[in-house]
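Below you'll find only one chain, the form predicted alone, shown as structure tokens.
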């Protein structure tokens, strides 16, 4: 298996708005926004709540748990830096808090399947810690390691 930290891939684009998200990711935490007016959670980072249009969005730690909503196994990456990792899987993760995010799905003992429980696993990808996810093994009920 390839060491993902050794990949020569471009990192995510960081803006003033997304700095808290990427800083938390570097610390191994998953940070999402919550609206102080309607109480709903939001991902990707935004300036206003897409549910009630409030500008009162605050950052909050997320549980790091979710379910696999959809996935794709990439055999021919769009960027040559990803070629050493191919085939690899990316998926839509429905977070326990509600929002859906696109993320790298780590290889494990079980094949990805829609509906599978996931847990965030901070992972060094290309020299930057990102919030990847791994499948919670059914044989270890309650154990998310």
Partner chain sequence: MIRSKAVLIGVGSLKPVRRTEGETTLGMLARASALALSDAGLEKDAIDGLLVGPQVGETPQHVPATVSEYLGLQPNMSNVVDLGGASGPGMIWRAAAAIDAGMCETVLCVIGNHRNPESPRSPNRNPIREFDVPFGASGANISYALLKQAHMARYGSTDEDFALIAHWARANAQRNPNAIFHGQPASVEDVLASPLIASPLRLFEIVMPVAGAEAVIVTSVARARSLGGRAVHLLGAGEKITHRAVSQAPDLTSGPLKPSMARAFAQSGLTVRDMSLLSLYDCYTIMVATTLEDSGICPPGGFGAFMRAHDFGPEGDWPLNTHGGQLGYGQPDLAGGMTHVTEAVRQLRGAAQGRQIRDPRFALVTGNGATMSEAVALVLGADA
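Positions refer to the first chain, counted from 1. Please read these numbers as outputs of a predicted model, since none were measured by experiment.
There is another form of the same protein, the form predicted in complex with the partner chain; it is not shown, and what comes next is about it.
Practice problem: Using the partner position in the predicted bound form, report whether residue 29 sits within 4.5 Å of the partner chain, counting heavy atoms only. | Solution: Answer no; every heavy atom of residue 29 is more than 4.5 Å from the partner chain in the predicted bound form.
Quiz item: Might residue 24 be said to contact the partner chain in the predicted bound form, defining contact as any heavy atom within 4.5 Å?
Solution: Residue-level check for residue 24: no, no contact with the partner chain.
Quiz item: Does residue 45 make contact with the partner chain in the predicted bound form, using a 4.5 Å heavy atom cut-off?
Solution: Yes.
Exercise. Give a yes/no on whether residue 100 approaches the partner chain to within 4.5 Å in the predicted bound form, heavy atoms considered.
Key: Result yes; residue 100 sits at the interface with the partner chain in the predicted bound form.
Quiz item: Pick from 70, 54, 109, 83: which residue has any heavy atom within 4.5 angstroms of the partner chain in the predicted bound form?
Solution: That would be 70.
Quiz item: Going through 4 to 26 from first to last, which residues have a non-hydrogen atom within 4.5 Å of the partner chain in the predicted bound form?
Solution: Going through 4 to 26 in order - heavy atoms within 4.5 Å of the partner chain in the predicted bound form - the hits are 10, 11, 12, 13, 14, 15, 18, 21, 22.
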